[in-house]
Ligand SMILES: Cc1cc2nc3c(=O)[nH]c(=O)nc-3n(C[C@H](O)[C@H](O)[C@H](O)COP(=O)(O)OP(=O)(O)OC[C@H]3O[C@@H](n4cnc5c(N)ncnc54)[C@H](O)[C@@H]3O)c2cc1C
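Okay, here we've got a single chain as structure tokens, the form predicted alone, with questions on binding and movement later.
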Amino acid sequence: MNVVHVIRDIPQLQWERNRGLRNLTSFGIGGPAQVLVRVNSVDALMRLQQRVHAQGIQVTMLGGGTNVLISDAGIQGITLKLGKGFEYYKVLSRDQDCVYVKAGSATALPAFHRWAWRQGLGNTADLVGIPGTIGGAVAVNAGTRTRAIGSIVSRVGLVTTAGELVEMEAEAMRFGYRTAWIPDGWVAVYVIVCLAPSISHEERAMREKLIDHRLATQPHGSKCAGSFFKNPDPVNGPFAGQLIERAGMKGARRGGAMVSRVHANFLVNQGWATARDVMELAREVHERVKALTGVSLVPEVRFVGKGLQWEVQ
């Protein structure tokens, strides 16, 4: 099927054939998208969703590209990115306990946190230093090991596969550790969060502690996708990085991929890594940790594209 023929007359939409994706991800890895589509309005996305799902065209959502590994063979069908029309934030209302803020899903999470902090609005300290978009953060319930963005979400606006705009309450999203429930094929277009009217002294101190901790323990400037594996016990530990280090895998290499010497739960691209290199290294890390500790590590990174699947014993 000619994908472009199905979507080419939709306004507020741009598309490219065979667009390389490596420079759209923090890993710097990935083959081409058959068709990369950028939508710039909710109306355009509604029309796109209705058409492509009626035709059975595969759609892969690519947010800020920070928690994803893309296949060397690329992505079939449509690779979807939300454009400038989804980058915004505004105060909706205030009451004694909460300032409700609406943010477009393509809004950069660091920019949103800085804006909230300048406004004197609390409840965002746990988000400091986390890259990506606010929509992506909600999809994986990003945050620290003790508190995540789901704790401040009130409602989320989504466009269904039928091209309808619906609003989902936070309770329906079943937020858990690095998980949230969004029906397959639905696209989050905005998030409404409840921010505290002021920033407490405790939150200011916690933010400074988090900044210092991340600067000291994470491989800044490296091409990576953040923490590769989920922590088996996010509250009490031991954490994934500790288990990987115990297994003697810190600094291990496969092709151009390496287990970071700064933090063992970061797999980094030394500049020439392929998705295959990363997967082979990740599987070896998994096997070594399981053999030593009995713990089966679960990836936090999302794998997308042709032939890229997480399969371990």
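Values in this document were obtained by computation on a predicted structure and should not be read as measured data. A residue's number is simply how far along the shown sequence it sits, counting from 1.
The protein also exists as the form predicted together with the ligand; that form is not presented, and the subsequent description refers to it.
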Which of these residues, 193, 137, 75, 240, gets a heavy atom within 4.5 Å of the ligand in the model of the complex?
-> 137
With the ligand left out of view, choose which of 116, 125, 130, 180 has a non-hydrogen atom within 4.5 angstroms of it in the model of the complex.
-> 130
Full three-residue contact with the ligand in the model of the complex, heavy atom 4.5 Å, for 150, 234 and 298 = no
One stretch from 117-125, 201-209, 184-192, 92-100 that, in the model of the complex, holds residues within 4.5 Å of the ligand by heavy atom = 184-192
4.5 Å heavy atom contact, residue 31 and the ligand in the model of the complex | no
Is residue 281 close enough to the ligand in the model of the complex to count, meaning some heavy atom within 4.5 Å?
-> no
Would you check, heavy atoms only and a 4.5 Å threshold, whether residue 105 touches the ligand in the model of the complex?
-> yes
Touches the ligand in the model of the complex: residue 265 (any heavy atom, 4.5 Å) | no
Using a 4.5 Å cut-off on heavy atoms, which residues of 60-84 contact the ligand in the model of the complex?
-> 61, 62, 63, 64, 65, 66, 67, 68, 82
